[in-house]
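This document starts with one chain, in the form predicted on its own, laid out as structure tokens.
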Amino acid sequence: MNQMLKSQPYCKNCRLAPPTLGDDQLQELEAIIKPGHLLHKGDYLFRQGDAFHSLYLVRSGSLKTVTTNEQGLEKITGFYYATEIFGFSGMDEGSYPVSAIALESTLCSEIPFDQLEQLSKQIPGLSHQLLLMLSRKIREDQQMKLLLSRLNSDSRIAAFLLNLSAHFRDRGFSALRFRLSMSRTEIGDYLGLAVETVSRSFTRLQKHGLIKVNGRETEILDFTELCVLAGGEVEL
């Protein structure tokens, strides 16, 4: 199911490398990153309950993380895109509490955590960078809980789109035109909304001239008003 690809230098574009990292240290960091896993839509990168041993760097494409309760009900807990590193949630109990599933053709590189931990003792700033990434993840989770507790459906969709916009902007892509790799059902699952509610919200936002939608291709037409609708929340 998974195919292995030759690893290519990538740390300069991800948030793992400290800003002051020298070329030699960058090569040391890239040396521990294993060749990429090529996933097709629906493929699992890891499953809930698998032993934790690595973090993962998304090099292209996107994934969702899903948790399944004892009754077999699934809940989407996050989406991850190119240059993002994830898998930290498995550190605590030594196993992944979620499954990671490709939303489209996706390439991920594996970062063995024991090697990363050892390297962090040798490279100044690497441990601090890891803590910053963990802190950012905690903040995003907290903001998501606030988002779900206080905003109506249109505002949730607006905040979700603005979060994607910020992601693409930070990585040098268009902040106003992008493709949604997830379905309306998956967006609703993540935001705690019925798929019909999601569809109606997209229709209203388009009717009011805030966005333009063609299938999964999405364009933000009025960034300011979309931000106002989201309560000023530009990033989750």
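Numbers follow the displayed sequence, beginning with 1. Predicted model, so just to flag it, every value in this text is computed and none were measured.
Form predicted together with another copy of the chain: not shown, discussed below.
Visitor: Determine which one of 206 to 214, 34 to 42, 172 to 180, 186 to 194 lies within 4.5 Å of another copy of the chain in the predicted bound form, judging by heavy atom distances; exactly one does.
Guide: Only one stretch qualifies here: 186 to 194.
Visitor: Given another copy of the chain in the predicted bound form, answer whether the residues Gln71, Pro97 and Phe113 all have a heavy atom inside 4.5 Å of it.
Guide: Each of the three qualifies.
Visitor: Thr67 versus another copy of the chain, in the predicted bound form: is there a non-hydrogen atom within 4.5 Å?
Guide: Answer yes; at least one heavy atom of Thr67 falls within 4.5 Å of another copy of the chain in the predicted bound form.
Visitor: Since only the chain is shown here, I'm wondering whether Thr83 would be in contact with another copy of the chain in the predicted bound form (any heavy atom pair within 4.5 Å).
Guide: Thr83: no contact with another copy of the chain in the predicted bound form.
Visitor: Taking another copy of the chain as it sits in the predicted bound form, is Ile101 in contact with it (heavy atom to heavy atom, 4.5 Å or less)?
Guide: No, no contact at 4.5 Å.
Visitor: Evaluate Gln142 for contact with another copy of the chain in the predicted bound form, applying a 4.5 angstroms cut-off between non-hydrogen atoms, and reply yes or no.
Guide: It does: once another copy of the chain is placed as it appears in the predicted bound form, Gln142 has a heavy atom within 4.5 Å of it.
Visitor: From first to last in sequence, which residues of 132 to 156 have any non-hydrogen atom within 4.5 angstroms of another copy of the chain in the predicted bound form?
Guide: Leu132, Leu134, Ser135, Arg136, Lys137, Ile138, Arg139, Asp141, Gln142, Met144, Lys145, Leu146, Leu148, Ser149, Arg150, Leu151, in sequence order.
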